[in-house]
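Taking the form predicted on its own, here's one chain by itself in structure tokens.
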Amino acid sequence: MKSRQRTFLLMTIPALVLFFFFHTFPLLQGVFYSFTNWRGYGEWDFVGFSNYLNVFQDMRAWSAYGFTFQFAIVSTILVNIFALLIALGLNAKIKFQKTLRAVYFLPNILSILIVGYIFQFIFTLFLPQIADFLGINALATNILGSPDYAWIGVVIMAVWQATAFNVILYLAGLQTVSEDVYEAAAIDGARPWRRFWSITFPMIAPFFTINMVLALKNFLMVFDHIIALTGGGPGYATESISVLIFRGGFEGSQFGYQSANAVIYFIVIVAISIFQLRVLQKREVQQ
């Protein structure tokens, strides 16, 4: 028995070593360099907490935080609304159910960069031409070129691409709800909305919690969507925290400073995720 346990333990060691060298060690290095003025090359000196203090006085960082949270909150809400509606439809007894499930999952397996370039073509050329032909002046210009509306284009693309994954999780949750419960509710005269609000939603509450936490965390770390669609522009209008850290750290010779920014953002994301879990899990218990 002990030999078997030792074998299983040895099987986990390679994964543990790889995780440490490719995840934990770089993380610790980043924390170390956040207390230095290292530019990514050459010599460096310890600067204490000055990098952290400078982040709070950096207007470009505040702008990036504002855009990132605006994008993440709106996208998280929209993704969960659309995903739940689609999952309810795909869970019903409809024709071509399996085919439709496969079609709705397609966006999740496409590369975000490819999706981004397709949406860039749509927003830049296709949509303005169609709007101009139909006489819709509000859509006749490229919204990605507007500092006020470019973020909407990023949200549309992100929601379209991310909804598929949440649909799968909601479908898994809906599969756990027994048909007997719905039949009993129907006999008692419960209408569709009443059945959804009093039966379906409480029963899939744990899946709602997971979807909300994962969606918000992923959108807070948005990077590929920005690079593919707007490059952070126009100006810095759609520059997310991840893009700012990447550009400042690897292209702007601010490795130490952006490491401090990354540490702060890591703490922010962890705090938000814990807060979300506690609030939503408390709601599950109350239901």
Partner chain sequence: MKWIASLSIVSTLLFVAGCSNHQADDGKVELELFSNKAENIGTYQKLIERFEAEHDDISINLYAPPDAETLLRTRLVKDDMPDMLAIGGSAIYAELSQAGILVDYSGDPMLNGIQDAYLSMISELEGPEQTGIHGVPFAANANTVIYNKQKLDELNLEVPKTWDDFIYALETAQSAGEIPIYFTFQDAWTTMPVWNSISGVLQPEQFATKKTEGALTFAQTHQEATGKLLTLLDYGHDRMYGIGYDDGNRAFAQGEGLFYFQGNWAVPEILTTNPDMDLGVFAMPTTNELEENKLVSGVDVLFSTLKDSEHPDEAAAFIEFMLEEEQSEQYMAEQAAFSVLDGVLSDDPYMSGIRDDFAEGSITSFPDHFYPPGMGVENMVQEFMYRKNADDFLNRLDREWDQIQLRF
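Numbering follows the first chain given and starts at 1. Given the structure is predicted, the values throughout are model-derived calculations rather than measurements.
This protein has a second form, the form predicted in complex with its partner chain, left out of what is shown; the following refers to that one.
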Taking the partner as it appears in the predicted bound form, which of 65-73, 214-222, 243-251, 22-30 has residues with heavy atoms within 4.5 Å of its partner chain? 243-251
My question is simply whether P206 lines the interface with its partner chain in the predicted bound form - judged by any non-hydrogen atom within 4.5 Å. no
Are any of the heavy atoms in P107 no more than 4.5 Å from a heavy atom of its partner chain in the predicted bound form? no
Whether P147 contacts its partner chain in the predicted bound form should be assessed with a 4.5 Å heavy atom distance threshold; does it? yes
G48: touches its partner chain in the predicted bound form, heavy atom cutoff 4.5 angstroms: no
May I ask you to choose, among Q161, N80, N142, N91, the residue with a heavy atom within 4.5 Å of its partner chain in the predicted bound form? N142
Under the 4.5 Å heavy atom criterion, name the residues of 170-198 that approach its partner chain in the predicted bound form, in sequence order. none
